[in-house]
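Quick setup: one chain, the form predicted alone, written in C-alpha cells, and binding and motion questions come after.
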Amino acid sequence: MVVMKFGGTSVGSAKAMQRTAELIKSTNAERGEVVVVASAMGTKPAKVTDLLLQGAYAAAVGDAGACGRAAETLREVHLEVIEGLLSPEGERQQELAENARFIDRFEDLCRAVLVLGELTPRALDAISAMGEQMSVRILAAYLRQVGQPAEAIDASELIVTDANFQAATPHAQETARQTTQRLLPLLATGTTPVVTGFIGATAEGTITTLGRGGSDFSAAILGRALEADEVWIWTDVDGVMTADPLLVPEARTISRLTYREVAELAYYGAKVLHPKTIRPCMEGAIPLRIKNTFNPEHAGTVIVLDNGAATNGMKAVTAIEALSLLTVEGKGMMGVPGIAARTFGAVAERQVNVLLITQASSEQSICFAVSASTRETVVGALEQEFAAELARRDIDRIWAMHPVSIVTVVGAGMRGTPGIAGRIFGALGSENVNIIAIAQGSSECSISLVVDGADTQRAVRYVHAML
C-alpha cells in the first residue's frame, strides 16, 4: 500500500489533474492499493486557499465587495477545470452543482462574519477547508471517468483532532480506528480513496485544520494509521535539494536522507516538507518519498530511519532569513539561577518561537534568534521581566541585532567526520563572512551559524561548495 499526496500545483489545472490521474492509475496498477491525499488547487493568479482566506478576512473588516470578488474568482477557477476535465454526458453537471453548493456556503459564512464583525478560528477553519473539499471531488470524478474507481472522502471522517483550531493535533488511536474502518473496505474493492489534505475534525465532528501546508502531515497520519508500505509526497521539485536553488543555482537533489536529517532541514527553512510530516512516518518506520509530478521518472528523495551508518559528512545547507538576534547580558548574571528560565518564560508568554539559543560558558550573556517581526515585542517583554535587574545593573542591557540569518549545515555523518566545523568556519572566514553566533546539538546532526542578513547568500554558497 502507498499513500500518495498531491500538492496544489499537482491539482492546479485541468492538465495538471490529468497528469495526476495518470500517476494514480499507473501506481494503482503496479502497487494494488493506493490512497490519495490532495491539496486545494494551487492555481494562478491566486491559490484557492488564499482566495478563501482573502474573502474571510475581507468579511471580518466589513469589505463585502472583496468577499464577492473572491467568490466569483473561485467559481471561475473551478468551472474552468471541471469543464476542461469532465465530459457533458458524464458527471460534469453533478460536479458543477456540488461545487456551486460549496461556494454558496462560502458566501453564507462570509456574510455571517460580515454581520458579526468577527472571524473566529473555528470559522476560519470551516472556510479554509473548502479548497480541499472541492478539489478531491473533481479529481475523484475524473478518475472515475478514465476508468479508475474512486471516492472523494473528507478527512473529517478519518482524522480525529483536538479543538485547537488552525493548528489541530490528531488523536492517533481514534484516527487509526476511523481510518481503517472507512478506507480498508474501499481498498478491498479496488476503489481509490481521494482524501482531503489539511483538515480533520473534533470528536464532535467540528471541522479543524492541521496548519497551513498540512496536507503532507495528513498523508503521513493516514500512512501511519493504515500501516502503509510507503508515503509519497508529489510536489513540483525533484526532491529535497542540497540548498535552495534560488540561493545556489547548482544545488542538486539528495537521493537519500534520514528522518533526523530531514527534520533539521524542515525546521531550518527547507520548504519541501511540512515539519510535522516526519513523526508519523518515523514512528511507523514508513519510508517517505518526495517526487515530482512534472518529472515522475526522477527517483526523487527517499527518507528512511537512521541506522547509525550515515557517511559523507555534510548533505545540505539551508537558511532562515529576516531574523533578529536578541542578547541579554550582564556581569551580575553569573551564577544566578533561573535567568535562562525567566528569559524564555517571558518569550513564551508572548507566543514567540525561538529558533536558536546559545549561551556563553561564563553565564554573562544569553542570545537567541526570533523572527524580526517579533523583535520589539520580545525586547519589551524582557525589559519588563528584568526591570529590577536592569535598575541595579545586574543586567547591563537587552538588545537586538537585525537583520540576521541562520545558516544550518545538516548531515548525520558529520558526527563521525572530524574537522567539519573547522572547515566551515575556515571557508567562511576566508571569504570575509563574519559568524555572529554558533549552535550545535550534541547529536552533531547539524551546525547552525548566525550571519548578517546581507551575507546570507554568500554564506550558503560558500558552504554549499564544500558539499
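Residue indices: 1-based, along the sequence shown. Treat the numbers as computed from the prediction; the structure is a model and nothing was measured.
Omitted here: the form predicted together with a small molecule. The next part is about that form.
Annotated contact segment (heavy atom within 4.5 Å of the small molecule in the predicted bound form): 207-215, selected among 378-386, 119-127, 207-215, 177-185. K47 belongs to the set of residues with a heavy atom inside 4.5 Å of the small molecule in the predicted bound form. Contact between T408 and the small molecule in the predicted bound form is not found at the 4.5 Å heavy atom cutoff. Using a 4.5 angstroms limit between non-hydrogen atoms, E132 touches the small molecule in the predicted bound form. Taking the partner from the other structure, the small molecule in the predicted bound form has no heavy atom within 4.5 Å of any heavy atom of Y142.
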